[in-house]
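Quick heads-up: it's one chain on its own, the form predicted on its own, in structure tokens.
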Amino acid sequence: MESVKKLWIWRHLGIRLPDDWEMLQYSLKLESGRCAFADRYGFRFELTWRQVDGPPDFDRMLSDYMGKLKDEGMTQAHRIEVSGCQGFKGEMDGQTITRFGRYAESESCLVELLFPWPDGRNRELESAILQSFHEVPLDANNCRRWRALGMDARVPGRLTLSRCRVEPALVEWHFSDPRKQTVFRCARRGLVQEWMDHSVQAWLERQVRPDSRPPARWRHERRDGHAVDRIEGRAAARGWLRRKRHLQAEAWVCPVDGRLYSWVAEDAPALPGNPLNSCGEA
């Protein structure tokens, strides 16, 4: 069986892909969006989603879709089924393309999985990826798991991803619930030796700027081979209400990849023991 070891989880949808496929495009919206993946040779896979009122009529949907693509130049289009997934195969601009539909029941979401095959269709890889697709429900702590771009986070389920920042040596996610002013953010920073000239604790204190009354509580601990600095206290007041919020945060440098990982939560509900993992833990 083709190797599809790397797990990606985005918008409560999980998929396993080859290790050298990376996410190049992503969407923040829950209602509709897409994630696109590529390796060093080019575009390899696309996952799209759209919320619907209920299970679709796949026969009619696929027939209509094939008709539309034929009008746009697709040739040799015909229906196929792989690993229980309904789809079709065709030729577009001299390249084989396969598309499959899935219905994510708990999310009431129509999902499309698209494979371009510039070097010819790999049936074994296609089947392995389709078999790996799954929904990711809330866990026992009412948290959602997000796993992409080198981070593996468990986020309170009522929060939604409001921002994703991807730059050289920096990935940062912001989750929020504007009505309750709850915030959870996490980040992965590289090239640490080039810019970090103070301790992890000092860096974290500058990032969160806790209120000094009462003083924040610091804890340093070893966890799974990582030296973790943790702070808990009150966040400095901001906004017209000037309300001080409960603050929790952790930071550490991973000894395996040398990157600085951190998470910060303000007025968040109960969090799991490790809301952010590094080093590609499954």
Partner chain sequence: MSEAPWTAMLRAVAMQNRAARVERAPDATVSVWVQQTRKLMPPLSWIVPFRKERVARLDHIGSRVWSLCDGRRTVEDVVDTIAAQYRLTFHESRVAVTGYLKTLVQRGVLAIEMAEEEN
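Positions refer to the first chain, counted from 1. None of these values were measured; they are calculated from a predicted model.
Form predicted in complex with the partner chain: not shown, discussed below.
- Exactly one listed residue, out of P255, P214, G54, G67, brings a non-hydrogen atom to within 4.5 Å of the partner chain in the predicted bound form: P255.
- Of the candidates F58, W218, Y26, F43, F43 is the one whose heavy atoms come within 4.5 Å of the partner chain in the predicted bound form; the others do not.
- Note that among 111-119, 128-136, 200-208, 152-160, the stretch whose heavy atoms approach the partner chain to within 4.5 Å in the predicted bound form is 111-119.
- Using a 4.5 angstroms heavy atom cutoff to the partner chain in the predicted bound form, all of E22, A169 and L191 count as contacting.
- At the 4.5 Å threshold, heavy atoms of D93 reach the partner chain in the predicted bound form.
- Although the partner is absent here, A38 is a contact residue: one of its heavy atoms lies within 4.5 angstroms of the partner chain in the predicted bound form.
- Put simply, R259 is close to the partner chain in the predicted bound form: some heavy atom of it is within 4.5 Å.
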